[in-house]
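Encoded as structure tokens, the following chain is the form predicted alone, with no partner shown.
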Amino acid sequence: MSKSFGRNHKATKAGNPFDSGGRGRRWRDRLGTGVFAIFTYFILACVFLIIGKITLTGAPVLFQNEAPFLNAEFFSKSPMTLHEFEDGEGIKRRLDHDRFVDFKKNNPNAVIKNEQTHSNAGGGILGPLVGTVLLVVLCMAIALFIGISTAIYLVEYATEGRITNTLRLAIMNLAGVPSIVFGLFGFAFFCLSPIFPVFTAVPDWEKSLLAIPLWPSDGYLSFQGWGSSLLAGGATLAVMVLPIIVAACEESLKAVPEGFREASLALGATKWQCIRTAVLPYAAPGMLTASVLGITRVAGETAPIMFTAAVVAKGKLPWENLEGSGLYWLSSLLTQKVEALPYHIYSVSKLQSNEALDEMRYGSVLVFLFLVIGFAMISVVLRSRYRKKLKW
């Protein structure tokens, strides 16, 4: 009896794939754990190396030893040409265009030798920073409205079938389209197509498909397209980020227990009342997470805005010297080109590397990193505060 039990026990132990006995298996387990840990910490090291390099090189551009310890000019000036030269005494000088003009005015007899100019390497990043914020805010306003509406329809209204599966497949395929294709699509559809209206005092009759006079004002509602503009760039980025928004919002809506819907409908609520009061409040934290994912995706895109919105140098902020008021002022604001931080970094990076250009590059990248982290932190804080108010 005991011998038979011993043989059966040994056979069971030998055939047990989850048995951790044996020195060889333990060493293999430790080796596998070490390999996984190496890969994990390698990713962490890459993150620290990238952020460390950007911070060490860009921090001296943003911060200074004297009060207010922040390089205010870097944030208060738009990009301009940088002049590097030697004066008559052999002193090397590095001045942006405004200071170079003042230097020549105040020193008409100054000797300038070995002058070199670098486009957009002087001044600051105020224009690109403002343009990036406007593009991101406009993009997320469009994308969240359309994305949340689409997710609500797919989860709450649409019946499962071939059409719904086709819609989901189309959204998934949209996520795999390269950003350069979105740029070409936005340029052809939003910039050149005359089906999109603008408010204008004088329509572009060559491009206008239809111009409707507005009474009592002297303006027109002109269907002439948006052209290369802030609005076209924001709409293009919104289309690009829609798959992420829709997928995240769908998962948030599906995570709400079905009992919430059943209880609401049992009390006599309509379908929309049920969604508005018993579903959306509990799915909102996940939807805010979707906004975080969307911001981190679109904020750094260069190719789409290169075709639809961005300009290398402008010299003025988007709201300066606009004509009209009310809707005409808003239309004029939205239908103009803007500077953007990713495109500014790209344009400066094309130039030959030197100390002055590296300062502008890494300073701009560090500010851009802070900007993206700031947007993400706002969404995370809002999500955390909103989730604390909910009681399941």
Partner chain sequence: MANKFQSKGRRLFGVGIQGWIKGFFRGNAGVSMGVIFLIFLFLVFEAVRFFPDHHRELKLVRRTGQEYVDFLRREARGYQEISSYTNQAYFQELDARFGVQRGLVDGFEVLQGMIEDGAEPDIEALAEARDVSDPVALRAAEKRYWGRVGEIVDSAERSSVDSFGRLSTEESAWQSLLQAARRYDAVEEETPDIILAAEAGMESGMAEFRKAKAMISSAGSDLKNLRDRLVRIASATRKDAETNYSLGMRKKALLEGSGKLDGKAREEQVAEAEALKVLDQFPFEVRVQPIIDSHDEHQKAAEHLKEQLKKGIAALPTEFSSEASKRLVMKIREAEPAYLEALDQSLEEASEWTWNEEVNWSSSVSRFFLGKEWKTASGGWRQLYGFLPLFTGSVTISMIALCFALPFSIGAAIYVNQLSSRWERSFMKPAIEMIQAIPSIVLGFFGIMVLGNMLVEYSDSPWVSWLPGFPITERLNMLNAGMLLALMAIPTIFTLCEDALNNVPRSFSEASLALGASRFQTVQRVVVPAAISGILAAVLLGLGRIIGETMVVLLVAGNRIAMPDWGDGLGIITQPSHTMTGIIAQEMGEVSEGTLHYRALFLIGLVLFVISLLINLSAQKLTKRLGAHV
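Between two forms, the rigid core is defined as the largest C-alpha subset superposing within 1.5 Å. Since we're looking at a predicted model, the values are computed, not measured. Positions refer to the first chain, counted from 1.
There is another form of the same protein, the form predicted together with the partner chain; it is not shown, and what comes next is about it.
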Using a 4.5 Å cut on heavy atoms, which of Leu330, Leu56, Leu70, Ala37 is close to the partner chain in the predicted bound form? Ala37
Answer option from Val198, Val136, Ile152, Ala248, heavy atom within 4.5 Å of the partner chain in the predicted bound form: Ile152
Heavy atoms within 4.5 Å of the partner chain in the predicted bound form: which stretch in 314-322, 126-134, 92-100, 298-306 meets that? 298-306
Just checking whether Pro60 would be counted as a contact of the partner chain in the predicted bound form - the rule being heavy atoms within 4.5 angstroms. no
Do Gln64 and the partner chain share at least one heavy atom pair within 4.5 Å in the predicted bound form? no
Is there any non-hydrogen atom of Phe75 lying within 4.5 Å of the partner chain in the predicted bound form? no
Though only this chain appears here, would Val239 touch the partner chain in the predicted bound form if you measure heavy atom gaps against 4.5 Å? yes
Assess the spot marked by Pro216, Trp226 and Gln336: is the partner chain within 4.5 Å of a heavy atom from every one of these residues in the predicted bound form? no
Stretch 187-208 - residues with a heavy atom within 4.5 Å of the partner chain in the predicted bound form: Phe187, Ala188, Phe189, Leu192, Ser193
Taking the rigid core as the reference frame, is the Cα of Gly32 displaced by 2 Å or more between this form and the one not shown? yes
Leu330: Cα shift of 2 Å or greater between this form and the one not shown (core-aligned): no
Align on the rigid core first; then say whether the Cα of Gly52 has moved by at least 2 Å between this form and the one not shown. yes
